[in-house]
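The chain below stands alone and is given in structure tokens; this is the form predicted on its own.
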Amino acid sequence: MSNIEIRNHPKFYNVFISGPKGKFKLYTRNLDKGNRIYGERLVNSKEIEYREWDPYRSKLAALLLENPITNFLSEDLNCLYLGASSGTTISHLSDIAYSGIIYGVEFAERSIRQLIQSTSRRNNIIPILEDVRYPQNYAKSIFSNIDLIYQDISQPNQAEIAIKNCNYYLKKDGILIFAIKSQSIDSIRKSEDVYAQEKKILEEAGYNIIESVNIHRYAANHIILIVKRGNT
């Protein structure tokens, strides 16, 4: 385990950095000390253990490195994570929102088994084996107001799925972090046209796009939208 100088991120709560400006490495404080989720590097600084957060494995890390204006992280964040997979990004959210709850919805049985195994000692993660296209099916598993919905899925109707879940769960003035995978929507059309289509669907449903962040240098053909739910 490496020893390295770690400091607070200048903007995002409970996120940490090392290195010079423009070449930051990201870290979160390890809630499950001594354990890794996806082979990430563990480092010690002032007797505290941190996990390095890989932006090539986590689109949320890529988003933070692109320095969005919106600050959406807090220790008591209640998050609905759509497409939780085997636990890479959701485990870092668990480190950050240690007093909140992260509901992780995943349809693939193999991935949900890995998620359960790797996060079993993280009491703020609730894995849910369900299909994100049908948000009403997991209502009995969600028992708190949702401040943030994070969506990272490979479906052709990504905007519609986000809207369904936001309409069902996201509180008024809540935030949607929406990773758009253009190749999953249409592999022939230009990515920019796909992004414009998804933005239009959200806006026509009454959602306000606050920021559009290009993360192509970490994940090809991806952007992330930061979206706010209005009072409707």
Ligand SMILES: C[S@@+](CC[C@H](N)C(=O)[O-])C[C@H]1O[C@@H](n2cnc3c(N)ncnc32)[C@H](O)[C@@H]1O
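Just so you know, these numbers come straight off a predicted model, no measurement behind them. The first residue of the sequence shown is number 1, and the count goes up from there.
The following text describes the form predicted together with the ligand, which does not appear among the structures shown.
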Position in contact with the ligand when the complex is considered in the model of the complex, options Ser74, Ser85, Asn124, Ser118, heavy atoms within 4.5 Å:
Ser85
Interface membership of Ser154, the ligand in the model of the complex, 4.5 Å heavy atom rule
yes
4.5 Å heavy atom contact, Ala159 to the ligand in the model of the complex
no
So, Asp147 and the ligand: in the model of the complex, are they within 4.5 Å at any heavy atom pair?
no
Might Tyr98 be said to contact the ligand in the model of the complex, defining contact as any heavy atom within 4.5 Å?
no
For the stretch 124-144, which residues lie within 4.5 Å of the ligand in the model of the complex by non-hydrogen atom distance?
Glu130, Asp131, Val132, Arg133
